[in-house]
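Presented as structure tokens, the chain that follows is alone, the form predicted alone.
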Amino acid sequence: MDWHQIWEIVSTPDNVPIVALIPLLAFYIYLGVKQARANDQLIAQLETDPALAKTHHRKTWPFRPGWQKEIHVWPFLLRVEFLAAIIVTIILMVWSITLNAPLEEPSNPNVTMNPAKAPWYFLGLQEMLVYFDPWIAGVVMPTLIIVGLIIIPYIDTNPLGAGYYTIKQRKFALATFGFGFLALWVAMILIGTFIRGPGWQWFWPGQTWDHSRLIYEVNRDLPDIFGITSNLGKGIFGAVVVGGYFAAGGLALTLLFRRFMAKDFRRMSILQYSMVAAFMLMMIALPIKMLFRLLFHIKYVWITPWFNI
């Protein structure tokens, strides 16, 4: 294992924030899960003790003896904000002194960086460019992410879990967020940062980044595997495959909802459930498409004159 290569990647000023975010992300996930489990234990206790449930709250510590019931902006909030501002300022000063800003020479169109990587917060989109058309990866999918976040209040029919951490009462929401944020966003950023090397080729951690490395792989479209060569045939075949995926996936999700989330399923209208199912299937389609490309070298599934998926 090339430890020098690993250290060179990790210590690059551009990558230091990502390296720092990893333990912070793990810590806050642990903290949230810990608080949620404590609240779930309290909820289970309240469900068996109706008298206590009338006077208690679903949070483990909504109020402690000795605390003021009314928390004023001054001095409580401003004092905490002032201390936080001082701490962040000190961290930024030490950071700026110890690490050089990742500035380079003026741009030269004749000599480009290899690998040429976007800022860390766009690396997920850059990784998606490997699997989708540029306008799908750069425009359509980010738009779907924003729209999906906007419609959450309109499709969330669960009245529980508001204002406190809980796993028991928010299993579907937590699973969906965890899959979308950790598997489809954080993982893509880590792949783009630590695994994608020169030529945007796949280098496992510890492999030396060889700028002269060439990989002879033949990427095929799914219709080519079945001997479909005409443009019309490819368009029809891809439409059938994509439509079949949404039809079969929608049926499977319906059965899962009716079996494991019957209350949420009954509370949702047809429009609400349709949006939930559509966004869930689109989220699941991303790792499926990635596996098709990485394992079977399948570039596109649906080919049309206007877009390729």
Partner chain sequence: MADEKDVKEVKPRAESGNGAKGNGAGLVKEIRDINAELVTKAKEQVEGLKDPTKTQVFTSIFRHKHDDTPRNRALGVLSNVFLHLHPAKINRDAVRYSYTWGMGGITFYLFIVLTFTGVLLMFYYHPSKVQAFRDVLYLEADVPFGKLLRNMHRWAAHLMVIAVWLHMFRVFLTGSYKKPREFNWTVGVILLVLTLLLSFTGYLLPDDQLGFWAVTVGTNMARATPLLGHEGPLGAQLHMTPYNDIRFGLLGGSIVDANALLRSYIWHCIGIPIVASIFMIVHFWRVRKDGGISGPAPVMLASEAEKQRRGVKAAGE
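All values reported here derive from a predicted model rather than from experimental measurement. Numbering follows the first chain given and starts at 1.
In what follows, reference is made to the form predicted in complex with its partner chain, a form of this protein that is not presented.
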| property | result |
| --- | --- |
| Heavy atom of residue 173 within 4.5 Å of its partner chain in the predicted complex | yes |
| Interface membership of residue 140, its partner chain in the predicted complex, 4.5 Å heavy atom rule | yes |
| Its partner chain contact at residue 263 in the predicted complex, heavy atom, 4.5 Å | yes |
| Exercise: residue 226 in contact with its partner chain in the predicted complex, heavy atom 4.5 Å | no |
| Position in contact with its partner chain when the complex is considered in the predicted complex, options 253, 284, 46, 278, heavy atoms within 4.5 Å | 46 |
| Contact residue in the predicted complex, from 239, 183, 152, 232 (heavy atom within 4.5 Å of its partner chain) | 152 |
| Neighbours of its partner chain in the predicted complex among 94-113 [non-hydrogen atom within 4.5 angstroms] | 95, 96, 97, 99, 100, 101, 102, 103, 104, 105, 106, 107, 108, 109, 111, 112, 113 |
